[in-house]
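The form predicted alone is given below as one chain in structure tokens.
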């Protein structure tokens, strides 16, 4: 992992003007973050917490009211910073009449690739995203999951070091979520830095090395998923169903040792796994748990 941080945000503030009376909405409020290279970093928070605005400031799609952001040591507005960054928005809008190959090729051309290097890179990214067999189909025929994967392919065609994903699995079924999660982990394995913007706790906990929680544009908490969840303070035990008498005995046994039975309920973790164990015909290898 590089000693140089991927992203450094210092006292970043963004105000939006509302109406003609000088009223302002503060979307990001003196935010400071340091994201190490090679990490998967989660930006978590409710709708309106400033997550997407922060990302747009990092991408220089918005100008900050005050503060600064640097990407791999250079200001986020510099061309060098933009060349090293990829962005996939929550609901990407593609030219639906282009094929997958044409779409990735178009973005490769916009990034300066030409000729044989462009063709080789397009083939590489379509294979990476698992879309080689669908490369000649029009994007308008793709499923939600395929659209996210072709979005990743076109975003990565210029070989960026930093990848920013805004709600990458929104509206997807469990199989699609598993596909995108696997690709995100591959990005980290390749040495890239990934920022995931999400409000889905389970997704962030599963893949992120560190997480920042925002609220009203301010940093509320930051740490590893385990630190934020307080996982060391409690334990979960999974047992076969107990009858009322057995529960009473267990509760008494715990109380005699200074512990409490905090909750009892059905064990829920099998629906996604069951879904993935019964994939559509022709996809059995892809969805192995």
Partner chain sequence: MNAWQFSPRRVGLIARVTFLEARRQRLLPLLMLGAAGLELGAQMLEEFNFGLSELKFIADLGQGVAAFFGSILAIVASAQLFFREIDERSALTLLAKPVRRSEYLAGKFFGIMAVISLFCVLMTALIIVMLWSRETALMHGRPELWERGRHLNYAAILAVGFAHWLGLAVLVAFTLLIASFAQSSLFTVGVSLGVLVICQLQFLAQEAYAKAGTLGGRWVAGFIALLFPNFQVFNLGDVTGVEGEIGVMLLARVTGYALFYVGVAGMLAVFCFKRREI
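Residue numbers count along the first chain shown, from 1. Here the structure is a predicted model, which is why all the values come from computation and not from measurement.
Below, we refer to the form predicted in complex with the partner chain, which is not included among the displayed structures.
A.B. asks: Given that the partner chain is left out here, which of 154, 203, 148, 76 has a heavy atom within 4.5 Å of it in the predicted bound form?
C.D. replies: If I apply the 4.5 Å criterion carefully, the residue I get is 154.
A.B. asks: Just give me the single entry in 113, 187, 131, 219 that has a non-hydrogen atom within 4.5 angstroms of the partner chain in the predicted bound form.
C.D. replies: The residue from 113, 187, 131, 219 that makes the contact is 113.
A.B. asks: Can you pick the stretch from 221-229, 61-69, 28-36, 254-262 whose heavy atoms fall within 4.5 Å of the partner chain in the predicted bound form?
C.D. replies: Of the options given, it is 61-69.
A.B. asks: Let me test this: is every residue among 5, 41 and 50 within 4.5 Å of the partner chain in the predicted bound form, going by heavy atom positions?
C.D. replies: Verified in the predicted bound form; spot residues all out of contact, no.
A.B. asks: Since only the chain is shown here, I'm wondering whether residue 87 would be in contact with the partner chain in the predicted bound form (any heavy atom pair within 4.5 Å).
C.D. replies: Contact with the partner chain, yes.
A.B. asks: Examine residue 173 and determine whether its closest non-hydrogen atom to the partner chain in the predicted bound form is within 4.5 angstroms.
C.D. replies: Residue 173 lies outside the contact set for the partner chain.
A.B. asks: Is residue 94 close to the partner chain in the predicted bound form, meaning a heavy atom pair under 4.5 Å apart or at it?
C.D. replies: Although the partner chain is absent here, residue 94 would touch it in the predicted bound form, with heavy atoms inside 4.5 Å.
A.B. asks: Even though the partner chain is not shown here, does residue 107 get within 4.5 Å of it in the predicted bound form, heavy atoms only?
C.D. replies: Yes, residue 107 is a contact residue.
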